[in-house]
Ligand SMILES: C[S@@+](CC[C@H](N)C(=O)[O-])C[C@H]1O[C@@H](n2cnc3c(N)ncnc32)[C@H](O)[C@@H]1O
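The data below hold one chain only, encoded as structure tokens and taken in the form predicted alone.
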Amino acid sequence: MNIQQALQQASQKLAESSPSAVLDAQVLLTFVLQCNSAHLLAWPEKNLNHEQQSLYQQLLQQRQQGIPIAYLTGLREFWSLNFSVNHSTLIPRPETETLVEYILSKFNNEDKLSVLDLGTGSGAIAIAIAYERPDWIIYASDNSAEALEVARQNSDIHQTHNVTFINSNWFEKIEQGDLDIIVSNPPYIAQADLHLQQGDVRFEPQSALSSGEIGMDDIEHICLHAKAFLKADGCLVIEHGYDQKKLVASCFHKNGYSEIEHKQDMSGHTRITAGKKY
């Protein structure tokens, strides 16, 4: 079987189970052959050996079962950097880049800021910021020791030596005070939301996705406690659901944050809320 035949068969095989069957087939084959997509186009007649065919079929079967591409390859691109991921971490998503972009642009001229990333998972947010701002001091915490190990590996790969990792349930073991920025992409999906039983999220850690009856429990907790760790005029930045703008703004107001502002993602959904301690 050559590359062209393998891709055709794989696309047909995935058509009923995946909305991106053609792309999935290509990504998995580049993973098996350890090449890029240009190689697939340039060498359509190149044959796969028996081992490659066998591995490809195994991956296709797992993808048919709904297992996310990122978990099958162990990689996901975020902020133009490759991040290792596994079942202990959420899969970084494009809308979260909005959060990184907001912080980098908002504090563009600031030197040596201190930042805490709460619930870092794979480390995508903390490492992306650290990569762009090597003079900043970055702390990244997570309640999952397994996720933190993945984050440490990602930090090593991208040589972001300005990141310190902390095993902590939110603020429980955070000792750093007078932080300039606290940032988080916390769980924010309502626990009964049907989306938790659909698509890739079925295979992601539910504790990193859902948060109480209306999805606000962890956001409420962070808003309440963050001020004790922020310096005067320190900034809290939170990612939330596309339909939670009013709820999150109310939470920020209730907890005494000022200069509250929102940021939309590339799809036009309000995805980020930020406010200052005063």
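Model, not experiment: these values are computed from the prediction. The first residue of the shown sequence is 1; numbering continues from there.
This next part talks about the form predicted together with the ligand, which is not shown.
Between the ligand and the residues T98, N154, N162, N185, the one pair within 4.5 Å by heavy atoms in the predicted bound form involves N185. Interface residue among L179, L90, A130, V150 relative to the ligand in the predicted bound form, by the heavy atom within 4.5 Å criterion: L90. By the criterion of a heavy atom within 4.5 Å, I125 is counted among the residues contacting the ligand in the predicted bound form. Contact check for N86: no non-hydrogen atom falls within 4.5 Å of the ligand in the predicted bound form. Though the partner is left out of this view, I103 does not reach within 4.5 Å of the ligand in the predicted bound form, counting heavy atoms only.
Not displayed here, the ligand is approached by N169 to within 4.5 Å at the level of heavy atoms in the predicted bound form. Note that among 130-138, 90-98, 67-75, 154-162, the stretch whose heavy atoms approach the ligand to within 4.5 Å in the predicted bound form is 90-98. Contacts between 188-209 and the ligand, taken as any heavy atom within 4.5 Å in the predicted bound form, involve S207, A208.
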